[in-house]
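A single chain comes next, written as structure tokens; it is the form predicted alone.
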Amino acid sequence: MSLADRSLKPTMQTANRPKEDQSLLARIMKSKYLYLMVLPTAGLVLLFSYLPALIAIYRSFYMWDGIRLDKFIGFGNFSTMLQDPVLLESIPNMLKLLLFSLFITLTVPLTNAVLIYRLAHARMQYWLRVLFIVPAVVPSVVTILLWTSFFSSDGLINIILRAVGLDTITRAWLGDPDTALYAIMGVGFPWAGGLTMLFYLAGLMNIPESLIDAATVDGATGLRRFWSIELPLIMGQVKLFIILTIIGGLQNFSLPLIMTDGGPGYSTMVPALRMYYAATQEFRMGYASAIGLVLFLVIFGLTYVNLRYIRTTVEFEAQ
């Protein structure tokens, strides 16, 4: 090897060195202008999202009324949670709503997506997508108020029941402790899915046609094609909606707040609504922060389990 070749060899090796081998600082400096453009947004997220959360975690160990920190009580707020009958009664309600939401999210929108995907007529596919997404433009509060009126004593549900001769089972559905929670579950019937359905449909439409053709030649049609080909290839979307449904189910309290105010009694109370009332009506901000911290830990744990143990086809192939 000539001297010139030996002098060029280190330079070529440096140029061909993978990015992983470069130091973090070197990679940051190489893209410093991109980082500078992201910096304002990242700063605002830290200021208005992470900082309040960290303050709430810190103050969950104090007696705090929202204005002054009275004294440090350690895990006092957390032990109070174990003795709060309203909070304890709200947990089964939350679990029922969460399991129902998971069941609906993983069945009805997915079924609609598969049926639309299987249609041979492209124009019909388009108009069905439009039909399913149009309700999403209606504000959620308006939808909740409409369903509240449907479940009233003289609402649409009871009108239909009387029209078919079922007067004996009519009632104020949201005013009966035995039916209030199930009435809340009925909001949005037939639970078409809207955006959820579109995400599933996008995943199905991303499956290569050659793979579908090969499966058809091998005799994989109908349900067999769904279970063997389509579902494994859209597990990424399924995994995403499991996470989002768990987060939404544990955090959401708008439905019981607007429709029943947590009643009658505490039959529709959920932990997030109990946290809201502890903060806004009882001014026990430290206790509300403790409830919020526990909800965060539960969400984090369930999300970790989902990410760790529910594997998609792409993740298996990457190993």
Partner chain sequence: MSESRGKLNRRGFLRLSAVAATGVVAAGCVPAVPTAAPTTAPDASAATAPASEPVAPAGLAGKFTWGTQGKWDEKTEAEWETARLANQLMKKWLEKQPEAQIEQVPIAGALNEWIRTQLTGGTAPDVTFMWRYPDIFRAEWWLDLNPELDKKNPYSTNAMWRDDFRSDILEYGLAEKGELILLAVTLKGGWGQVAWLYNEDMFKKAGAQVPKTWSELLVACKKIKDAGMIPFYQGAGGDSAWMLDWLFSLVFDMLAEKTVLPKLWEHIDPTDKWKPGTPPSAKQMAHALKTGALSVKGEEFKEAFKIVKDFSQYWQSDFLAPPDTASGDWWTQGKVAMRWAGMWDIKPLLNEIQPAFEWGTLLMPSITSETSALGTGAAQRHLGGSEGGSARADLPFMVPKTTLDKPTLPLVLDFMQFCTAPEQIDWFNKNYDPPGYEPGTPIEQIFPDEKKRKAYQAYYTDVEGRNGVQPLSALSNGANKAQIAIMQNYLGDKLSLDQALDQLDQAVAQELDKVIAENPDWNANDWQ
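Every value quoted in this text rests on a predicted model; they were computed, and no experiment measured them. Residue numbers count along the first chain shown, from 1.
A second form of this protein, the form predicted together with the partner chain, is not displayed here; the remarks below concern that form.
Participant: Have a look at G248, G236, G186, G175 for me and say which one sits with a heavy atom within 4.5 Å of the partner chain in the predicted complex.
Facilitator: Checked against the cut-off, the match is G175.
Participant: Looking at T216, N206, T168, S149 here, can you tell me which has any non-hydrogen atom within 4.5 angstroms of the partner chain in the predicted complex?
Facilitator: By the 4.5 Å heavy-atom cutoff, the listed residue in contact is S149.
Participant: To test your reading of this chain, name the stretch in 23-31, 40-48, 278-286, 53-61 whose heavy atoms come within 4.5 Å of the partner chain in the predicted complex.
Facilitator: Contact-bearing stretch, as computed: 278-286.
Participant: Counting only non-hydrogen atoms and a 4.5 angstroms cut-off, does T107 reach the partner chain in the predicted complex?
Facilitator: Outside the cut-off, so no.
Participant: At 4.5 Å between heavy atoms, is M259 in contact with the partner chain in the predicted complex?
Facilitator: Yes, M259 lies within 4.5 Å of the partner chain in the predicted complex.
Participant: In the predicted complex, is there a heavy atom of the partner chain that lies within 4.5 Å of any heavy atom of T80, even though the partner is absent here?
Facilitator: Taking the distances in the predicted complex, the answer for T80 is yes, it comes within 4.5 Å of the partner chain.
Participant: Quick one: does Y35 come within 4.5 Å of the partner chain in the predicted complex, counting heavy atoms only?
Facilitator: Looking in the predicted complex, residue contacts with the partner chain do not include Y35, since no heavy atom lies within 4.5 Å.
Participant: What residues in 64-82 sit within 4.5 Å of the partner chain in the predicted complex, counting heavy atoms only?
Facilitator: Read in sequence order, the residues that approach the partner chain (within 4.5 Å, in the predicted complex) are D65, G66, I67, R68, L69, T80.
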